[in-house]
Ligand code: ARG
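Single chain ahead, by itself, as structure tokens, in the form predicted on its own.
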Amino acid sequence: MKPSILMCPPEYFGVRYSINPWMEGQIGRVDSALALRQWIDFYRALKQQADIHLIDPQPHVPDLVFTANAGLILDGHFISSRFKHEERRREEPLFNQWFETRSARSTRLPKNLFFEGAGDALQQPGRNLLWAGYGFRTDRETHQFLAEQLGLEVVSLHLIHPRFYHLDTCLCPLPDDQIMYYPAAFDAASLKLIETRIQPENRIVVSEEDAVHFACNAVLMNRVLFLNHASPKLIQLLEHKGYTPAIQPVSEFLKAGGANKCLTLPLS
């Protein structure tokens, strides 16, 4: 059975405001035709590996294309996001409506807590463990709520680098108890939490060069790892670990602070 993914066509995508460092100086500078070509190429590549569901784009929400932030869905249980920035809160009713007609169970967060979905909550494959980021977009207080709702161990990781404001920009959980991550995005206590749970030989440390091209913002499908960019050294390392790196450029979306993983939300 193929995995399922939610995506949104970039019909109205663009940088119309600035809510993260990547957006600074990029307002009105997205090449819409190139963004569409990049998205379609990525969509077609994923389509060979997964069943893809689409949410309809809307003109008033240019970042709806980043479906990873819709919420978190595990075993049919959808926990909806509450966005930190007002500019993205207009996405919430659209995502909630889509999921409430398709999910076995839908849960809203307690009031006054911010949580930005699978951008800040990533399950370790094969383990009852959820990595959860906080510091920029998601409140740490949401992590206990996630643990209670999902019955998982939730490991709170403090993000300290403004360019890596979501966990999925700097950490990618992989099968066989492996992770790919950029250490400079985390504080020392968070790095210790990672190191106590993942053995040294299973840690794929990403360089700054790869990190700023969002190499950690990758999508894994059947040992094929779709990345916006990877250096020859990282490609060689991933191949040694048993993965097939597939470079799928989405450079126009980096102007808004997102890449491959941000453009997808796992549904199964």
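One-based numbering along the sequence shown. Predicted model, so just to flag it, every value in this text is computed and none were measured.
Just so you know, the form predicted in complex with the named molecule exists too; it's not on screen, but the next bit is about it.
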Contact flag, G119 vs the named molecule in the predicted bound form, heavy atom cut 4.5 Å: yes
Please determine whether F95 contacts the named molecule in the predicted bound form, using a 4.5 Å cut-off between heavy atoms. no
Tell me, yes or no, whether W131 is in contact with the named molecule in the predicted bound form, where a contact means a heavy atom of each within 4.5 Å. no
How about T169: is it within 4.5 Å of the named molecule in the predicted bound form, going by heavy atoms? yes
Counting only non-hydrogen atoms, choose the one of 200-208, 58-66, 28-36, 227-235 that falls within 4.5 Å of the named molecule in the predicted bound form. 58-66
Does the named molecule, in the predicted bound form, lie within 4.5 angstroms of each residue among K2, I52 and L267, using heavy atoms as the measure? no
Quick one: name the residues from 243-268 with any non-hydrogen atom within 4.5 angstroms of the named molecule in the predicted bound form. A256, G257, G258, C262
